[in-house]
Structure formats: structure tokens, C-alpha cells
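Shown below, as C-alpha cells, is a lone chain in the form predicted on its own; questions about how it binds or moves come after it.
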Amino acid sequence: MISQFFVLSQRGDHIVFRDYRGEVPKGSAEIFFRKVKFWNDDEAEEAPPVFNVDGVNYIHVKVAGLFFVVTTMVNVSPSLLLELLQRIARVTKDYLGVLNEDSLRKNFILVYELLDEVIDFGYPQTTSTEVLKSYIFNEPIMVDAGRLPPLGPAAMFMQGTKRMPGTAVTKSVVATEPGGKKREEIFVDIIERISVTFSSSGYILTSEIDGTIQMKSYLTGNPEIRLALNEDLSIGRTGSSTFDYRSSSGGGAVILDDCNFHESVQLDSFDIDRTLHLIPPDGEFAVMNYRITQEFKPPFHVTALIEEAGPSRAEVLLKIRADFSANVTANTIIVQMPVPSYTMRASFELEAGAIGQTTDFKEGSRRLEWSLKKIVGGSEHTLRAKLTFSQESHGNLTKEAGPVNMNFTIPMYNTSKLQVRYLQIAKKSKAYNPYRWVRYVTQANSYVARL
């Protein structure tokens, strides 16, 4: 089924390479990287996850700046191979603690040992961290996490908080702490990716939340866990709003359109008291995935306007308002807006006293980019841009420019108001009291404002 598996760095260097069948011509990794780097089909910015070159199917995902790739000569389900690549990346991170080029190179023996158990002659065998423990005998070489960039949603909690140990999200599931002891702790992350489309007049056209409750356990003996969610949680559309606008606190019942659970979750009492019972396997896994398509209050309100300022000039106004509490701060905000293809240059005007904001005009892709280091809840930020065209604009500018796209991350905030009421761990003894970490994060999946 799978002909080859390889991992490439951002520069195209081979980090891991395994040829299972010998049927794909040599140089496939170079062909793949050249195709991805110079992909320009239909003016797409990035290569699609699946494409074919000279009869060879290339399927890839990009995780932590690395390309995880498989090749095949036969017609295999792309979804299956994309899920397999994500799971290989997750298992590798479970064992190495940190997933990056340095950790892969230092632990290449362990990585190849994992690959030999996960894939046999091109056929997937198992991607369970817990099952693989019986067959993996190499100890990971830990990489210093202090000099590593954040790699994912959970990594942001390593910074700016005194409640979390620095090694919390960079620890291997098989490595022991100094002194031979293992720190008993468990992490629960509620991660929500929201999609919102605003009309040109600022009204919400579409809105959706894709959420997941992720768990990573470092508990010895796999004790039973009880995870309690909101008592007023309901599943299935009722036609009412998820967000209660009449409540000053933004409360109200949490209504999920649908959800699914990990195979280890027991739902005996879920319908009664919204409690999940499970014995967590080793490694990181999704306890529950859920989706909300009913109305909710988005964290940001985006307004965009473009209008002519002369025969070959135009002015752009972008405004962002943070509609969440002042004690919450959003990080790494990037706002992008495509402009007409005949735009020659752009000049920017930031608001007075702007700190941690940068602007740029991407000539190659003809778009404006506005980056903000952080936005505090309740604040409002404005950007003005003056565009110069190489010709007079004869069409409608609002049709040739936009839409505005926004990316952001908001730690310790969730839009759906889904909460963990308590996290209970079965006690082995009276002195047994492991650390429990419950964290929330909201990210933009597709946050768009039309002109």
C-alpha cells in the first residue's frame, strides 16, 4: 500500500527515510520538495496535501515545520494516509517529548524503531502509544525545551504562567524524571477552532466551532478518571442560540450539534450527570470531538472598507474590536487582505501609540498583512492603508479586493463556554494526589470579513 515514508525539514533535508517496496524511482523526496516549494498551480499559495507526479501519489502533512510524507503507486484512500501521518507525528511526539528537527536527528534510532512497528512492508499495523510500549526498548534523548519555539496550542501555556512547570508539554511518555521518579500529572486541553464569516455590513453570515478535549496522561498504573462537563450541556439542535445575549456574563446552556468520543470513554452516566469515565491510554489523545453551528458571540468583530481616493489610488480601513473580557489576551494575531492585482505599492498608517504591531505589503501575492503581538479584551485597533495602482481602476474595488482573513490564538478562553467542572482520579492511597492541569484555547480556523 505505502511505497515510501520520509520526513523532510523546511530546507528539504532528509531526516527520516524508509523505502518499503522499492517500486518508486529514486529521488522522490527531491521531486516532492521541489514541487511543494515551487507550487504555483491555479495561483494557490501552498501545495495541496495530495498530488500526483509521474504516476506517483504524494500525500503529506506539515507538523511543527516538518513535512511528513508517504508515496504510493496505487489508489489508496487519501483520508486514511493523512490520518496515518498525523498519528505517526503524534506518536513520535509522545516518545520524544518534543517534535522538531533536532529531536528527530538525536533520536533517529528510536524513530526508526517506531516506524518498523507502525508500518510493516507498507501496511499500517498500530499507532497506539500504549501498545507500542511493549515493543520499543530505546530510551529517548531529551532535547532542551528552554530554547524551543512553541509547537502547538498547548505550548503557549509554557510561557507567561507561574502555575505550569516548564517541561509540562515537552515530556516523553517513557522517560523518567531525574532521580528515577516520574512526576504524576495529567493535562486536559479544551481546544476550539472557530469559523466565522462577516458580511460587508458587519453581520454574521456563518459561524461554527470545531472543538476537541485532548488529554495527555503521565499517571502510573492508568487509574480510572472521571471528567465532568457542564450540567446544562445538551446535544442536538433545538433552534435556540448557544450564546445568551441577555446574560451579562455570557452564560447560557451549551448546545452541541454532534460529538464523538475516544474508544476508552465509558458513557454509562453521561446522559444523567454529563460525566465521562475513562482509563486514559499513554500519550496524547482526543477524549471528545464536538461541533457547534448555532449562533455564538465571536471573540473579534472585524470591519473592512476600501474606497477610491483618486484615479489610481485607494484607501483601506481595517478595524478590529476584541469582544471578550479585559483579563483575557489574544496572541499572535495576523490580518491579511488581498488587494487588486494592479496594486504597485502600499503605505500604512497605524494608530497613535501602537506597540507590537507590524505591517507589510506582499508584492508576490498582492496582499496587505497586519501583525499584532497581542490584543487585550475590550480594546479596538485600526489600520489605514493607501494603495497606489499601476492603472486606473475601472471595476468595482470591493469585488477585486478582499476578503479579509484573520488568524489568532486566545489562551484560557473558549467561545462555547464548555467547562470542565472537575477532574477526579481514582486514588491508590491516601497520599496519592497527582497534579491536574485544565487549560483552554481558542484559535481561528476561517475568520473572514467580506468587503
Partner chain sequence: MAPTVPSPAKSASPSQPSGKSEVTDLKQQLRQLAGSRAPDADDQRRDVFKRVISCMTAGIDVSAAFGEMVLCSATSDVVLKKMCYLYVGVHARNHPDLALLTINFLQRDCRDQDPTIRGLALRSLCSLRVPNLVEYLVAPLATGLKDPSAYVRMIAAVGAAKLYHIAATSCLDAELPAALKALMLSDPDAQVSFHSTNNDEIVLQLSSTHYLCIYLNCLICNCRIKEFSEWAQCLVLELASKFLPSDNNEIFDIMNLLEDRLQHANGAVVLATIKVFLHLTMSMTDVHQQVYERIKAPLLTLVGAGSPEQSYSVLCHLHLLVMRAPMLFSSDYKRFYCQFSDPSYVKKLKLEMLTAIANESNTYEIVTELCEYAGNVDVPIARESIRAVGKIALQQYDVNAIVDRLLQFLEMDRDYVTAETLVLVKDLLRKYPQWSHDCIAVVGNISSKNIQEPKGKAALIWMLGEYSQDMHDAPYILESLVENWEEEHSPEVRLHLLTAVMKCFFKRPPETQMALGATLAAGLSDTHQDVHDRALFYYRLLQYDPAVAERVVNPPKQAVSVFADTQSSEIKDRIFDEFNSLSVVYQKPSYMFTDKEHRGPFEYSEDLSNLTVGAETSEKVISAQRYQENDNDLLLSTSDKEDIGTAASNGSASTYNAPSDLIGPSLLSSQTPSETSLINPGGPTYSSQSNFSLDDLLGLGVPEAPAAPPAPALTLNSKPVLDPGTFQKKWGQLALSLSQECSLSPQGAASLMNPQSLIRHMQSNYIQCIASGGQPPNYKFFFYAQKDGATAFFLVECIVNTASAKAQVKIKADDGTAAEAFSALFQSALSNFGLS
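All values derive from a computational prediction rather than experimental measurement. Numbering follows the first chain given and starts at 1. Here, rigid core means the biggest group of C-alpha atoms that superpose within 1.5 Å across both forms.
We do not show the form predicted together with the partner chain, though everything after this point is about it.
S.K.: Given the stretches 183-191, 331-339, 316-324, 216-224, which is the single one in contact with the partner chain in the predicted complex, using a heavy atom cutoff of 4.5 Å?
M.R.: Contact criterion met by 331-339 only.
S.K.: Using a 4.5 Å heavy atom cut-off, which residue among 409, 57, 28, 414 comes into contact with the partner chain in the predicted complex?
M.R.: Of the listed residues, the single hit is 57.
S.K.: With the partner chain left out of view, choose which of 232, 360, 351, 116 has a non-hydrogen atom within 4.5 angstroms of it in the predicted complex.
M.R.: The residue in contact is 116.
S.K.: Quick one: does residue 356 come within 4.5 Å of the partner chain in the predicted complex, counting heavy atoms only?
M.R.: Heavy-atom contact with the partner chain at 4.5 Å: absent for residue 356.
S.K.: Against the partner chain in the predicted complex, would residue 105 count as a contact residue? Criterion: heavy atoms within 4.5 Å.
M.R.: Close contact exists here: in the predicted complex, residue 105 approaches the partner chain to within 4.5 Å, heavy atoms only.
S.K.: Just checking whether residue 78 would be counted as a contact of the partner chain in the predicted complex - the rule being heavy atoms within 4.5 angstroms.
M.R.: Output for residue 78 is yes: heavy atoms within 4.5 Å of the partner chain.
S.K.: Would you classify residue 50 as touching the partner chain in the predicted complex, given a 4.5 Å non-hydrogen atom cut-off?
M.R.: Yes.
S.K.: Suppose contact means a heavy atom within 4.5 Å; in the predicted complex, does that hold for all of 14, 267 and 445 with the partner chain?
M.R.: Result yes, every residue of the spot touches the partner chain.
S.K.: Need the contact residues for 77-91: heavy atom within 4.5 Å of the partner chain in the predicted complex, sequence order, or none if there are none.
M.R.: 77, 78, 79, 80, 82, 83, 84, 86, 87, in sequence order.
S.K.: If I superpose the two forms on their rigid core, does the C-alpha of residue 58 end up displaced by 2 Å or more between this form and the one not shown?
M.R.: Yes; that C-alpha moves by at least 2 Å between this form and the one not shown.
S.K.: Note yes or no: does the Cα of residue 406 move by 2 Å or more between this form and the one not shown after the core is superposed?
M.R.: After core superposition, the displacement of the residue 406 C-alpha between this form and the one not shown stays below 2 Å, so no.
S.K.: Please state whether residue 73 has a C-alpha shift of 2 Å or more between this form and the one not shown, with the rigid core used for the fit.
M.R.: Superposed on the core, residue 73 moves its C-alpha 2 Å or more between this form and the one not shown.
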